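Next up: just one chain, as structure tokens, the form predicted alone.
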């Protein structure tokens, strides 16, 4: 009975603040499935099928390229001198939100961008080239942003897997056996390592694919327009003042989600039937080919160069009010955009308050759950956490908008806070679960022998030992909250502005220096959070 009461006490705040809003949103959006008129108008939309093909195509292509590049880099660098720095570097890249990176890359690759200016100064171009490098009809610029952002994420996950003692020792043993059978490093990775690592990445890969096929803010900043991805069409309907368009947007969100789930199930079936035979065909016979160390190092260098150039270009754009082509640097430098940002701090303050509040709440809920609920119930909560992350934000946010509308939470800070808490808690719980459950229970036994009550033990012993994991989870939570665009825009209903909302608004037409300022702040706030987390994690309590 006592265990039941403890479990119920651990579930109650989580159910009220996180699971309740999540399920209420999903139930509310499913109600839209019964609106026949909305479905009829959706299927009559002239751009529906081209937009769906574009969404699935960009999401699938970015996933394939990202996975290939991630495994290529890991295979070449794992166990080498650069490996320890590589995993840390990927964590730094992760702190840069997709939207900020998309805006910076757009400045970099546009026909009048920094790269064209460098080439033009050498080739003697007097006017910008007639290249379609952003918002191209095939979504290649959108794919480029997704690949450049997802490769660090996948490398970071793979490095975390390879750092586990059980997996590391197993792979080392397999490597020695494979070498004895005449296989080189590349052959071992292709035939042994990747088949063992890939199944452990099924959920992250699914999340990457769903995100790439349903992303809104990045698609608005750099994606194609004629037709746009289906997520952009849905987003336009959801923001329309006409209720009929809103209903069509809800139907569109359900349709996109259903299409992605159906394709995922089809892939699971085809994978079991055809993939083993295909894999066996391409990996037949031993090969002494070595791991691609040189090309992996070059790829890592290219990623570092692109991220550095994006950050530099954003810094220059934020102060360059007059920058005619083909000048490499602005001919007039002013701080007016920064002054305007400082004079109107509401977006920054709102983003910070939401990030801090949602992260602290997520940490409190996660710790309370892990302290009071048996580990066997974690699997059920993990399902909902993956659901909150993997499902398109359009679907979850639209559902929460409809649910919050009935209780008067739309347009309020509390409503936006609950919307942010949905993905923030999911990420915090996933990051924190492993280290927290791996805590050695013998420390608790020793404290009991010393007559220390549970709170004293937690504050004096466990908190200090769990500090690195808590700090990392907090940094991830802040980064996730800062980047939230879709739920903030929908739930705030125009009454609350944040950094990503202002950045997207300016990206569609506005002051380029001010847009660069907002993009930089989108990058700086999570970066500071990750730096503080790294310092706190190393510093003794």
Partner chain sequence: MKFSRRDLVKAAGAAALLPLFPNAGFAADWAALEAQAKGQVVYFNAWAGSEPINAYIAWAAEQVKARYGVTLEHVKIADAAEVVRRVRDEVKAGKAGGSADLVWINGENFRAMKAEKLLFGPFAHELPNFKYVDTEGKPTTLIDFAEATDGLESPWGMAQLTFFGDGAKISAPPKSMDELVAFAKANPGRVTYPAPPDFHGTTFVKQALYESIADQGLLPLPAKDDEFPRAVAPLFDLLDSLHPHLWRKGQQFPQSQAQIKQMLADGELLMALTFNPNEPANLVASGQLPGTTVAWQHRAGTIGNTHFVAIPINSKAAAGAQVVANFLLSPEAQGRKADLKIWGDPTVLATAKLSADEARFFATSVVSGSVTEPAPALPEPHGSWVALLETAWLESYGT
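Please read all numbers here as calculations on a predicted model, not as lab measurements. Positions refer to the first chain, counted from 1.
Below: the form predicted in complex with the partner chain, not depicted.
A.B. asks: Which residue among 135, 353, 87, 372 has a heavy atom within 4.5 angstroms of the partner chain in the predicted bound form?
C.D. replies: Of the candidates 135, 353, 87, 372, 135 is the one lying within 4.5 Å of the partner chain in the predicted bound form.
A.B. asks: Pick from 344, 196, 295, 169: which has a non-hydrogen atom within 4.5 Å of the partner chain in the predicted bound form?
C.D. replies: Contact with the partner chain in the predicted bound form is made by 344 alone.
A.B. asks: Under a 4.5 Å heavy atom criterion, is residue 57 part of the interface with the partner chain in the predicted bound form?
C.D. replies: Flag for residue 57 set to no.
A.B. asks: Is residue 514 a contact residue for the partner chain in the predicted bound form, using a 4.5 Å heavy atom cut-off?
C.D. replies: Heavy-atom contact with the partner chain at 4.5 Å: present for residue 514.
A.B. asks: Taking any heavy atom pair closer than or equal to 4.5 Å as contact, tell me whether residue 203 reaches the partner chain in the predicted bound form.
C.D. replies: Flag for residue 203 set to no.
A.B. asks: Given that the partner chain is not shown alongside this chain, does residue 401 nevertheless sit within 4.5 Å of it in the predicted bound form, heavy atom to heavy atom?
C.D. replies: Yes, residue 401 lies within 4.5 Å of the partner chain in the predicted bound form.
A.B. asks: Would the partner chain be touched by all three of 147, 434 and 488 in the predicted bound form, meaning a heavy atom each within 4.5 Å?
C.D. replies: Result no, not one residue of the spot touches the partner chain.
A.B. asks: Residues in which of 44-52, 474-482, 58-66, 30-38 have heavy atoms within 4.5 Å of the partner chain in the predicted bound form?
C.D. replies: Answer to the contact question: 44-52.
A.B. asks: May I ask you to list the residues of 226-250 that have any heavy atom within 4.5 angstroms of the partner chain in the predicted bound form, in sequence order?
C.D. replies: Those in contact are 226, 227, 238, 239, 240, 241, 242, 243, 245, 246.
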